[in-house]
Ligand code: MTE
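To begin, one chain is listed below as structure tokens, in the form predicted on its own.
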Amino acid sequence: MNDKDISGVGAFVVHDSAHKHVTGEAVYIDDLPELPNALHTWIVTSIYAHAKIKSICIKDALNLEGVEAVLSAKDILGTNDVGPIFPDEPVLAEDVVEYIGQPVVIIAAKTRDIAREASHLVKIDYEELEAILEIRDALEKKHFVASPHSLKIGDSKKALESSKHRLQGEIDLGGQDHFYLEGQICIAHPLEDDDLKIYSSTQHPAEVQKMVARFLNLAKHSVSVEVRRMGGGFGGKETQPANIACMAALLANKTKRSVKLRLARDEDMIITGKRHDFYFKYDVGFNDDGEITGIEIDLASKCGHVADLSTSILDRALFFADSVYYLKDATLNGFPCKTNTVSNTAFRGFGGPQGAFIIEEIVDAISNKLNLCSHGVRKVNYYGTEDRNITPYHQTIEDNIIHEITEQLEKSSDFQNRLKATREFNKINKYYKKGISFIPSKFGVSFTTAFLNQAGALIHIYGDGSIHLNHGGTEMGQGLFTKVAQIVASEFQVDLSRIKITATTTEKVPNTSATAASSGTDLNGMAAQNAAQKLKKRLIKFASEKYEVDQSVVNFKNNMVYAGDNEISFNQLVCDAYHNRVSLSATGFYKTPKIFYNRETSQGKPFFYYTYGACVAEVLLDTLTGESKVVRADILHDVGASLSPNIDMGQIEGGFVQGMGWLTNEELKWDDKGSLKTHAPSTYKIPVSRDIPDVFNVEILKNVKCKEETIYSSKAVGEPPFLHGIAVWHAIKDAIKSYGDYKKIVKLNAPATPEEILKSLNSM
């Protein structure tokens, strides 16, 4: 390739749709042309957190001019359930409603305004029941969506009793709304033979296909699902779109007309699930150096009214509750609490950030108790490289590089000098206080449900040398399509511009897993490489025979193919192969090796490998208003051998900002009836441009490769950087500590809103 054409693995390329995002040319589902006579929808939802449905009257709504269908649970043709793990999640409530906002009736009309008007004419008679709204109430009543789960290693009880120091505590951690730019949306087109074409904004097309087919009592081959891109997902479009698609599909099936179901922002936030809130309680023993000698943690998650993915999310929170710290004698208990609120769901990190949050809180409490530097206490507890490397789930850590990352970031961020400067600043300033923290991270990569770790791909090479690429991953802005295309470009040694990136569809690659768990590139990149290598092998064999040379001397480079002394363009070789009846289409497949987890023994290897990183965050705190500002952040992050440095850098920066928002200004508030009060941009505050650190130093760790056989020795980058936001939380705590002359344990619930910060300051 010429320098200007280099666009394979490791090249600095732009996102394939970047120019379209900027100009507004990118086509999302709401931009698709509507078919003639297309219908629009509105959902009638529950006004109670818990109630019996005594009767539903739709007569007046159905008689409104322009209304074509008003349907409830009794109109469902198949199974009224979209539970991804447990069969407990009705699309439309039948006999009982279990949260405010739960869908009960769906309406299709000629316009959305008519459908909305009709919704006010639907009469539902309820009998209100007692509701459980808080984690602690559900925990006390043992009101769970599934059985609790525990991890155990060593003898925590004995270790705690013999520890020199011992400390107990508890803390509440709030949830988070996904707040993707594109809301939940689906278009369902009815076809002949009761087939359906579904356009869904989903991270999991195969799951939407499965649930729609089951909901309508159809075979999967009768339902095809397509998505070219999403305007953000963050986990909120892993299971939730199935509900939306089922409702649209039912209306389309009944009316035999195309149906669009698009949720407004308020509806979206009320109807769909969020990041799980957690309540933590811990008991920890430690020595004079702050080394943990025994620990027990209870992790109680707010699951909502049904399980959704809560058990897997809670498992991952348990798996992450060690972070980078060696816990020799530990018992970690997870409680999936059922509440009469919307069912919480996948969110970037999938429970991992919540687990990492609590162990960092505990380590910080230990350092406060002993009046030691928290950074020093953290390093004392680090996992080792040769020993001290067994996790609470009994996986041996074989790739630990947190010591090197810590040493490098300490130097590049000038951490020790800035720590001293922060202390000096606080001595001479009464109302403004500074805080600084150094938080390390470890992130296990793989779906913890083993069968999900598989992917497929499909590649066609056309007679003119152009390449068609399709795989089971979905593009939600993270750059997956670009990365996989770079992999294919590298395999064939051709320009990236030669490769057509096409929409994800169940018609081309079936039975795929969700694009989640930071495994999108790991899985789909490997599958695409597998398909490309099959085709390349065929072309090499053909070139070897045509030019009468050994296959070992056939090489691809710079859009050319070299067969011994023969030089031919890639295009010409493909054309010749076609005329000689060589197959130029191939499927690829990949499954992650080595991973397993025995839930009964709570032991196994749920993660293929780990990524590591660290963040130094510095904040300025106004003690009169409780407002905080991140003034500087330094991040060093491990992505293995980067496939696409530009895209990886964007993921690291974005992950940090979203993690920071979770722990500072993104607050979900329900009233005492279970009604969500923060369901719009006016009341729910995500980070904006002014919240970005004034100094933002982000570096990808250099000269490191994944020790496992991953795609081009790269590592996942979607979720791991989210953990860096925890550093902001601890920097705020550090600023508050100065208010008590660094001698008191800070009590601060998350998110650290100005109100929570003022409460904490007043308690010092």
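We number the residues from 1 along the sequence you see. All values derive from a computational prediction rather than experimental measurement.
Although not depicted, the form predicted together with this ligand is the subject of the following passage.
- Within 4.5 Å of some heavy atom of this ligand in the predicted bound form lies at least one heavy atom of Gly718.
- For the chain shown alone, Tyr609 is not a contact residue for this ligand in the predicted bound form, no non-hydrogen atom being within 4.5 angstroms.
- Under a 4.5 angstroms non-hydrogen atom cutoff, this ligand in the predicted bound form has Gln478 among its neighbouring residues.
- In the predicted bound form, this ligand lies within 4.5 Å of some heavy atom of Phe234.
- Proximity to this ligand in the predicted bound form, defined as a heavy atom within 4.5 Å, holds among Ser323, Thr339, Asn470, Ser518 only for Ser518.
- Between this ligand and the residues Thr391, Gln651, Gln240, Thr482, the one pair within 4.5 Å by heavy atoms in the predicted bound form involves Gln651.
- Of the candidate stretches 408-416, 156-164, 634-642, 519-527, only 519-527 has residues whose heavy atoms lie within 4.5 Å of this ligand in the predicted bound form.
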